[in-house]
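One chain comes next, on its own, written as structure tokens: the form predicted on its own.
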């Protein structure tokens, strides 16, 4: 895989993020194979993926589909929720991957280790994406944010592989960069996401109401999360995190909150649970996180 190649890319989970990336890569001339259940695979095979985006325009892209990966690819993008990961991975047998990069776009910090026990450790390249993109129906993607930014990392992955994929993704649309410190990259996302997800879901309020009506709680949780991130080798800047929350549109909701509203399983363990486990390992007090996770569990989540 080199920067100028036409790549063959599998996309496991062609939902809001996976569908957007699949469509953009296909439009850029790459071969894309979407892996999904029978009904979704049939729909995508027939209609392609239609994207509505203020940033990338409205377009339809053709993709190949299957229920399981059956041939080597250059990269496999994993874009399912953490709650569906184990079941979804049965669609990607390790023997079919060849020399492919495995690129998880998952929330949390624990999934790379799990994937490295299943696939080649030096080919697992975690990615962080910043974009608001929603699957409104199979093959129908609405990209609402005025940005789409990807950080690609992977400590044991050869840099040339990362650079080639980053070049392909960047040329297809999203602003993409390669970062050398995997831990810092994942915790930068985690330390921003955890307070946002836990508080909007717990209070069933958009971010604007959380940051005004529950400011003290938000500040405490941001400081707590930053302390855990620092202990794990990640960034820690509570003031910057609060400034970022304040800059978001007041109606912004977290994906966890949207899952709760729709009655879908929550990524509570991948986000809140992982934060608590990291805090315990490093002896960092996390009482606000513990209370919120406990109350969400008690509420049936």
Ligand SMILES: NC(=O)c1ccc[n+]([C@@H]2O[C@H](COP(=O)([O-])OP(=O)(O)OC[C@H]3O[C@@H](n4cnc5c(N)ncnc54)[C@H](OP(=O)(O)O)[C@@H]3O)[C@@H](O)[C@H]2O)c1
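None of these values were measured; they are calculated from a predicted model. Numbering follows the first chain given and starts at 1.
Same protein, other form: the form predicted together with the ligand, not shown, and the subject of what follows.
> 37, 79 and 131: each with a heavy atom within 4.5 Å of the ligand in the predicted bound form?
Replying inline: Judged in the predicted bound form, 37, 79 and 131 all sit within 4.5 Å of the ligand.
> Taking the partner as it appears in the predicted bound form, which of 118-126, 101-109, 219-227, 151-159 has residues with heavy atoms within 4.5 Å of the ligand?
Replying inline: Selected stretch: 101-109.
> With the partner left out of view, is residue 202 within 4.5 angstroms of the ligand in the predicted bound form by any non-hydrogen atom?
Replying inline: Answer no; every heavy atom of residue 202 is more than 4.5 Å from the ligand in the predicted bound form.
>> Can you tell me whether residue 135 touches the ligand? I mean in the predicted bound form, with a 4.5 angstroms heavy atom cut-off.
In response: Yes, contact at 4.5 Å.
> Is residue 211 close enough to touch the ligand in the predicted bound form, meaning at least one heavy atom pair within 4.5 Å?
Replying inline: Output for residue 211 is no: heavy atoms all beyond 4.5 Å of the ligand.
> Would residue 21 show up as a contact with the ligand in the predicted bound form if we use heavy atoms at 4.5 Å?
Replying inline: Answer no; every heavy atom of residue 21 is more than 4.5 Å from the ligand in the predicted bound form.
> So which of 114, 171, 179, 88 reaches within 4.5 angstroms of the ligand in the predicted bound form, heavy atom to heavy atom?
Replying inline: So the residue touching the ligand in the predicted bound form, by this definition, is 88.
>> Just to confirm, with a 4.5 Å cut-off on non-hydrogen atoms, which of 96, 84, 231, 184 contacts the ligand in the predicted bound form?
In response: Of 96, 84, 231, 184, the residue with a heavy atom within 4.5 Å of the ligand in the predicted bound form is 84.
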